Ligand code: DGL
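Take a look at this single chain, the form predicted on its own, given in structure tokens.
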């Protein structure tokens, strides 16, 4: 069986790349719902329906574990899928999100101001705030920043423009923050630019650096899942809509993969 990754577009490929580097032996399948990007402006029910469709596809192609590598989908649907969809339809499969592992990184000894960059839907859901409260990481004070304008720029490969836009927003709205959480998997692509600009003044938390270690820990704690995973080093990408410029992004991120289309 394989490990699946679900995302609304191509941003989650950065998470897959990082996980595959840390755990290269396993087989991976990626589902990018590029026909319906962005998710940030959709309703909760729309996001749930689209995410369920993607997760169901991944299960049907032999994934035993699916990582929802999309903060908007994690915010709206991960727990609902875990509590409602899986018990009835796939009781032997698992779905994980990316928000809880990220929240676990916000464990500070003193009160720390954290700028949270995310899509409009993720910010509105207050999922980060709710999980922060559940985890008891009370020394992190979140400053919400809805930055949906970054996703299209990153999808088009306009990283400099996206970085400059993020810098401008952070300096204007959260200049006093000590930490910046990139709460969208697309935003991992601008972490280097942000670090180069802010240097030591802000700690940039990027999910492609968080999820691999968390997944490794999860698999070690769940041998009933880990022992069933196939080990062929295969990477397959399924996109619900393919565009020519995606090929360059796929080559850059994964070094060339098999791409399927609906």
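Positions refer to the first chain, counted from 1. Here the structure is a predicted model, which means the values were calculated and not measured.
Not on display, but discussed next: the form predicted in complex with the ligand.
Participant: For a quick test of understanding: in the predicted complex, does each of 7, 119 and 185 have a heavy atom within 4.5 Å of the ligand?
Facilitator: Contact check passed for all of 7, 119 and 185.
Participant: Going by a heavy atom distance of 4.5 Å, is residue 174 a contact of the ligand in the predicted complex?
Facilitator: Answer no; every heavy atom of residue 174 is more than 4.5 Å from the ligand in the predicted complex.
Participant: Does the ligand come within 4.5 Å of any heavy atom of residue 151 in the predicted complex?
Facilitator: Judged by the heavy-atom cut-off of 4.5 Å, residue 151 is in contact with the ligand in the predicted complex.
Participant: Might residue 38 be said to contact the ligand in the predicted complex, defining contact as any heavy atom within 4.5 Å?
Facilitator: Although the ligand is absent here, residue 38 would touch it in the predicted complex, with heavy atoms inside 4.5 Å.
Participant: Among 185-193, 76-84, 89-97, 162-170, which stretch has residues whose heavy atoms lie within 4.5 Å of the ligand in the predicted complex?
Facilitator: The contacting stretch here is 185-193.
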